[in-house]
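Just the one chain here, the form predicted alone, laid out as structure tokens.
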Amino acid sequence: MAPNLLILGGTTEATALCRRLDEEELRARISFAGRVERPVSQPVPQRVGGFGGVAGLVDYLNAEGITHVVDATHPFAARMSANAEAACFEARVRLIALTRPPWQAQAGDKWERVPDIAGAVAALDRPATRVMLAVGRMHLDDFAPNPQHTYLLRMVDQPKGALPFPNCHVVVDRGPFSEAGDLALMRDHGIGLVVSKNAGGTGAAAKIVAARKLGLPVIMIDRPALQSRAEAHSVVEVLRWLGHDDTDRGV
């Protein structure tokens, strides 16, 4: 039986996988959580919004005849990943995570590693500086206890409501970002400190490289712990997991 895939998306890896599946004429659809107004256009059918927890996802998998799920969500989307694990186990659907290894500190990096968002908030309890806060829209309110800083926020969508900081500047942009662009951005705003989730990959790495070149400290938030699961680190590995041999393309 030909596979019928559900891709839990929101990353550049998910988009690359969808394009390849479309080229291979494999049946697939992608689901977005709905946290951005303009999700990246995909060559496969897409849906937006939650499933209603584990039970709702099980119902969806059964109703749509899904045979394989690829969790290509953000490495910090721990709840969705846990729900996918539980739902696929219950529905007896195969699951793999398409993810990227976390960044590793290199020579010249000035990282202060913290275990979670709360740790990053505590680490910002320091004299005022200009902070590039790269944690995503959902976590901005968590940083309100540190109003002494001037914050640079880069967001996919223009914020609709009031932001929790008395002094901040918003840049609306979508990655992947360039090293030259992030160097210029940090210099233009006089950034003295970067706060970042350890997302890994190349699409958001420019700010980490720029901080290294500028000698800036980085508060690096570790990834949430997840249960052991099958993982792939490339589209080719996912195709092989599907049993769709890719060697005829010379890969």
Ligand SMILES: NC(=O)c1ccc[n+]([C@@H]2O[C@H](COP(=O)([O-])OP(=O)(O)OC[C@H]3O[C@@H](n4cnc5c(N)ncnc54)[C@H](OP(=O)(O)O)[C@@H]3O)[C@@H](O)[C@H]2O)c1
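We number the residues from 1 along the sequence you see. Just so we're clear, the structure is a prediction, and the values are computed from it rather than from any experiment.
Unshown form predicted together with the named molecule; subsequent notes refer to it.
Note on contacts: among W103, W111, F143, F76, the single residue with a heavy atom within 4.5 Å of the named molecule in the predicted bound form is F76. Taking R47, R27, H189, R223 one by one, only a single residue has any non-hydrogen atom within 4.5 Å of the named molecule in the predicted bound form, and it is R47. Shown alone here, L214 lies farther than 4.5 Å from the named molecule in the predicted bound form, counting heavy atoms only. The named molecule in the predicted bound form is approached by T11, whose closest heavy atom lies within 4.5 angstroms of it. In the predicted bound form, no heavy atom of T99 sits within 4.5 Å of the named molecule.
Contact annotation: L133 falls outside 4.5 Å of the named molecule in the predicted bound form, judged by heavy atom distances. Heavy atoms of no residue among T67, L95 and W241 are located within 4.5 Å of the named molecule in the predicted bound form. Exactly one of the stretches 122-130, 147-155, 78-86, 176-184 approaches the named molecule in the predicted bound form with heavy atoms within 4.5 Å, and it is 78-86. Contacts between 213-244 and the named molecule, taken as any heavy atom within 4.5 Å in the predicted bound form, involve no residue at all.
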